[in-house]
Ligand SMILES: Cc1cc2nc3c(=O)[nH]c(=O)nc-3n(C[C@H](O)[C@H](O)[C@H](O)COP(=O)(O)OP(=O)(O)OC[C@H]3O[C@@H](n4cnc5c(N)ncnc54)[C@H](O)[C@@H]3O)c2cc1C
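One chain comes next, on its own, written as structure tokens: the form predicted alone.
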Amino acid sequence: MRLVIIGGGPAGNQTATTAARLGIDVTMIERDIVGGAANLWDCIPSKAMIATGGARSYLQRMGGMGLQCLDGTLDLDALRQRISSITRRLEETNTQILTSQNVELVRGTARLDGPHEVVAVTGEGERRIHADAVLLSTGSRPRLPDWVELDGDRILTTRDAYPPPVLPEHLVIVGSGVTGVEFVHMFSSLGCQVTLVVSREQVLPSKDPEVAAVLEADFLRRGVRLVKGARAVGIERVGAGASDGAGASDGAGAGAGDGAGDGAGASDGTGAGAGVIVHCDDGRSIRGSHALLAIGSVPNSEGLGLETVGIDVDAAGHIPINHHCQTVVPHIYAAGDLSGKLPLSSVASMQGRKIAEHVVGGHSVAHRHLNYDKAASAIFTEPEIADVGMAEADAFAEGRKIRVTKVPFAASPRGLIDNDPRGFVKIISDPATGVVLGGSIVGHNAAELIAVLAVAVTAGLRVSDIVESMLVHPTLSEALAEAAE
């Protein structure tokens, strides 16, 4: 049996390695980077920059720990080399793992040409490959609206920013979802002035308001300007030969009323030199030295030959799948960002594992279907944000009775020792059975701590199981047991 995988991101890699171990002949076709463009050109570089910014913030907190504060001067070239080194090493590791398991790796693009034929286009020409099963896992790319012209210099997408050619003096970020707030944290921690355009009345509109409030408070403490209730509708370059007839002097104005103040206009320190103006639908304009778009992504579903097998995409360009990740053609699967499920590398990898098992018939024995509602996720801001399972607001919307318990890290000895008592642990459980339904963590290492609640939610554990676990003291994890009381 031959499995052909188009796209070597987290879903493709996991499918390939699992399928190879199960005795399937695997061919993977990848056009960009083994490990996935969205992963190794977006996720990993951003987290590397966030780690650098976090180290700088830690140095600045030393004054509260009995040490002299250090400024942590940034070496942009060294940071760029560090990111490149990490990305290169991960791609080499991914490639070595695949080749060690006899996965055939083809560099190029590919398309379907009928239900069992894949055409790979490489530097040597076209090659036709017969496939008993096919996985489509071509990932996604940053969404680009038609109201802006990117230049990779002053007007950037996320992939232009790891790091940008120069550190922005004043970065205006459009988009207050997960990616947007991570970039706010990243660049503010590196010393940049940052303004965030928030289309609604809170950052992270899909998250728990208590969680968003902690993050907003930290942003304001850092001097980040929040321009709320404003949707960007245009960006233009000004100065240095560009036309600036948009008039930036109206700034974010008193209409911001949310901590943005009136300094987001032309008098924000950017001066009359080269820069950008972000125009909003309510008439406000924000001037900065650079603008960055973080408004989501679009799936790479074009050019795959889907029409040759009768697969249609939805309105957003995703390929619909069932609980086995099968498309309407049973032996053709889709996974990762292309599938329209949660756009998380962990989810894509789990999809890949399940697909490989399904291809060899593993679903005919004990086989747990993917439950996307139980996937843990994290936002790597400072403080970090992580959650899993049922959210408090969703439970109330459903009219479901829940028990909510919350413990602040300000009561944690470890939080005080580390001079970082921000955030809290919140656990949601069934009041009748004690089963853990979900939870949120805001604070240092939240992305690591959420693993305890993720296991509890997936395994159907009760709060008493957490309470009776003898955790290490002094650690932040103790707050989990306290919240479960």
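Don't overthink the numbering: it's just position in the shown sequence, from 1. Please read all numbers here as calculations on a predicted model, not as lab measurements.
Although it is not shown, the form predicted together with the ligand is what the next lines describe.
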| query | finding |
| --- | --- |
| Partner proximity in the predicted complex: residue 168 to the ligand, non-hydrogen atom cutoff 4.5 Å | no |
| Interface membership of residue 295, the ligand in the predicted complex, 4.5 Å heavy atom rule | no |
| Contact test in the predicted complex: residue 140 vs the ligand, heavy atoms, 4.5 Å | yes |
| Residue 100: touches the ligand in the predicted complex, heavy atom cutoff 4.5 angstroms | no |
| Contacting member of 181, 385, 348, 197, with respect to the ligand in the predicted complex [4.5 Å, heavy atom] | 348 |
| One residue of 29, 49, 446, 454 in contact with the ligand, assessed in the predicted complex (non-hydrogen atom, 4.5 angstroms) | 29 |
| The ligand in the predicted complex: contacting segment from 203-211, 338-346, 76-84, 222-230, heavy atom within 4.5 Å | 338-346 |
| Stretch 86-124: residues contacting the ligand in the predicted complex, 4.5 Å heavy atom cut-off | 108, 109, 110 |
| Cα-Cα shift for residue 39 and residue 85, closer or farther in the predicted complex, minimum 3 Å | closer |
| Distance direction in the predicted complex for the C-alpha atoms of residue 87 and residue 39, relative to the displayed form (3 angstroms or more) | closer |
